[in-house]
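Take a look at this single chain, the form predicted alone, given in structure tokens.
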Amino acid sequence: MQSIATPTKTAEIVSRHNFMFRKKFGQNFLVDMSMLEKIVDSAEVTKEDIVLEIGPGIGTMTQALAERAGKVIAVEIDTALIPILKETLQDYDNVTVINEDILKLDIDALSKENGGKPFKVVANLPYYITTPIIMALLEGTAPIASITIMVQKEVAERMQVGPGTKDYGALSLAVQFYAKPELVCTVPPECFMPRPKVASAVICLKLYETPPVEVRDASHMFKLIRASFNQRRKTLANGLTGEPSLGLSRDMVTDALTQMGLPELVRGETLTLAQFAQLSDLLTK
């Protein structure tokens, strides 16, 4: 089938189906064939793979994935797009479309239904809900080999930066605990219909079999991380003792920092993932 990844083709399909773009779903359809190929290439999809695509839209990327994958499971929240997908994907017998919110879908059960093989996730994520979707995939129990996603450029940058930079935060640490992030390319607004107001980027997260740092209680570590970045200008000790759910006294925190050889006035944005793991272990003794 001829690709629909062009402005003319996309406009024709959208018009014929009287489809209305819905801001609440953050819909921006990819209309650049070379960029589409770059995304699919970076996902390293083969006939051995089951791809979980989030937000297929009108099926532009789904078609390209179906050409290379053994199976594609496309999850689309917007009911109005289901008839369009039925049309654009009619020539592909290896595609299943699920009309559901990805955050409500039991991905683990879906994996078991498909033999338990790890999914390769590919998605053009809506900006407003990028982080919740990424964290649900990383923290879930479903087997996932990699996540190749198009997101807002600054979010992609945030995922791969290290300590001491302005973009470093809880998302950076969470992503780097579960996966190795690799920025693939930036995507200008003119590659989409309608055009978003900001640039996008493609990032590939290759999940670790074992996290790069050992920690006694990962959930406790991430509570510490979130509390330390909630108010970036506060010292780490103030941020952690000011979070009631942690139940930490100032003495407990400063004692742990001393054991780590860190000053009492240190800020969370200067700690590495390994240091947060060490701090968590000290505070859960």
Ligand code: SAM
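In case it trips you up, residue 1 is the first one in the sequence shown, and so on. Since the structure is predicted, the reported quantities are computational estimates derived from the model, not experimental observations.
Heads up, the form predicted in complex with S-adenosylmethionine (SAM) isn't pictured, but that's what we're talking about next.
Exactly one of the stretches 101-109, 138-146, 202-210, 179-187 approaches S-adenosylmethionine (SAM) in the predicted bound form with heavy atoms within 4.5 Å, and it is 101-109.
Taking 221, 30, 64, 45 one by one, only a single residue has any non-hydrogen atom within 4.5 Å of S-adenosylmethionine (SAM) in the predicted bound form, and it is 30.
Note on contacts: among 75, 156, 89, 174, the single residue with a heavy atom within 4.5 Å of S-adenosylmethionine (SAM) in the predicted bound form is 75. Residue contact check for residue 125: one or more of its heavy atoms lie within 4.5 Å of S-adenosylmethionine (SAM) in the predicted bound form.
The shortest heavy atom separation between residue 26 and S-adenosylmethionine (SAM) in the predicted bound form is within 4.5 Å. Put simply, residue 60 is close to S-adenosylmethionine (SAM) in the predicted bound form: some heavy atom of it is within 4.5 Å. S-adenosylmethionine (SAM) is not shown here, but in the predicted bound form it comes within 4.5 Å of a heavy atom of residue 81.
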